[in-house]
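In structure tokens, one chain follows: the form predicted on its own.
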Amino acid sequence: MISIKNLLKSYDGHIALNHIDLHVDKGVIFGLLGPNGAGKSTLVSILNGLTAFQEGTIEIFGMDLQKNLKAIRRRSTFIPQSLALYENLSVIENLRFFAGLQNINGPALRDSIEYAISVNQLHPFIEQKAATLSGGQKRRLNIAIGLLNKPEILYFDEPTIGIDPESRGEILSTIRSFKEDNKTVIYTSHYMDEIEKICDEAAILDHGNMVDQGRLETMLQGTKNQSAVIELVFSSRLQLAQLVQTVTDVKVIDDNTLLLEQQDSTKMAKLLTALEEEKLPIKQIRYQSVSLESLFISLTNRKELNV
């Protein structure tokens, strides 16, 4: 479905994507993770033909992206983080307008609009102006607009930013349902739990490099419930560097955070004793039920989880 080989993208000498390889099969929900500046937004932009690249090849639907961009775009859609809709138009007016831009008309227009409305549960709001919708409803309209061409591939860029938990859950359920239609989804999010909840596979980018990719259960094998993040009220990197020499499998993440890999009760007790002796108070301990977080930290050596 999507095949990327040896992809290189640079800006003014800065490498945004460093000869990466990636393959996504049909019907897969694929998560893209990475710190800010890792290259994931650049990758999505390239896949949608919005940004050029210097080296490598990209095939989508078995077609070369650069030679068949129009044909590929007809079968895919990009749903950006920013809302792409008109506030002064109603829901149905927005859908008709954007369908017109894509030359969708006749019976196909009715089918496309009904499909977009139904999938996003927008029937109660079709005559309502977009400006009066809630944040979650606007997001659902944004997705509905992206569904008008009945795409086979959908690219989502952090679609749940700034919405309430109930709307977030509805949107995640909608995206997960695309798998039943055998659609392929590329999904970026800075919420680790979202990736674990809806994605079949994922890739982690860092500084333009592909540091890990594969099926989630394979990537997380052996990490679940075996690590812990210990956040301290105050300390220093020097203090922690000296302290962790006494306990194995401990990594310093930043001046106030430790990662205990492969933790067990003996190691945890030893670490807690060492912290107490150094008079370093603990703010919180997070055991890794959300194990993607520990994998992310381990691979990128970052506490910042904004991806």
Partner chain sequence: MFKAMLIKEFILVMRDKHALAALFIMPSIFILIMSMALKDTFGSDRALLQYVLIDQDQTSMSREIARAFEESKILREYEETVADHEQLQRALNNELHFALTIPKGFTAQLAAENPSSLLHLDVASDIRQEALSLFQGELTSILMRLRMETMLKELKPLLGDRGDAPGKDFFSTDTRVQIHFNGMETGQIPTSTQQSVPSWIVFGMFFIIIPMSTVFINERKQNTLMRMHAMNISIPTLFAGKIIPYMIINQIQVCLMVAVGIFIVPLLGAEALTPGNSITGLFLVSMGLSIAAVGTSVLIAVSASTIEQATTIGGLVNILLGAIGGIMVPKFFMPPIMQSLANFSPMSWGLEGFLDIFLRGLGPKDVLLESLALTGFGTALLLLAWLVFDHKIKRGV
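Keep in mind it's a predicted model, so treat the numbers as computed, not measured. Residue numbers count along the first chain shown, from 1.
The discussion below concerns the form predicted in complex with the partner chain, not included here.
A.B. asks: May I ask whether Leu50, Gln102 and Gly146 all come within 4.5 angstroms of the partner chain in the model of the complex, judged by heavy atoms?
C.D. replies: Affirmative, all three are within 4.5 Å.
A.B. asks: Which residue, Tyr187, Phe125, Phe178, Phe78, has a heavy atom that falls within 4.5 Å of the partner chain in the model of the complex?
C.D. replies: Of the listed residues, the single hit is Phe78.
A.B. asks: Since the chain is shown here on its own, which stretch among 274-282, 50-58, 29-37, 246-254 would lie within 4.5 Å of the partner chain in the model of the complex, judged by heavy atoms?
C.D. replies: Residues of 50-58 come within 4.5 Å of the partner.
A.B. asks: Just to confirm, Leu83 within 4.5 Å of the partner chain in the model of the complex by heavy atoms?
C.D. replies: Flag for Leu83 set to yes.
A.B. asks: Does the partner chain get within 4.5 angstroms of any non-hydrogen atom of Phe97 in the model of the complex?
C.D. replies: The answer is yes: Phe97 has a heavy atom within 4.5 Å of the partner chain.
A.B. asks: Consider Lys67 of the chain shown here, and say whether it contacts the partner chain in the model of the complex, taking contact as heavy atoms within 4.5 Å.
C.D. replies: It does not: once the partner chain is placed as it appears in the model of the complex, Lys67 has no heavy atom within 4.5 Å of it.
A.B. asks: Test of understanding: in the model of the complex, would Ser227 fall inside 4.5 Å of the partner chain by heavy atoms?
C.D. replies: Output for Ser227 is no: heavy atoms all beyond 4.5 Å of the partner chain.
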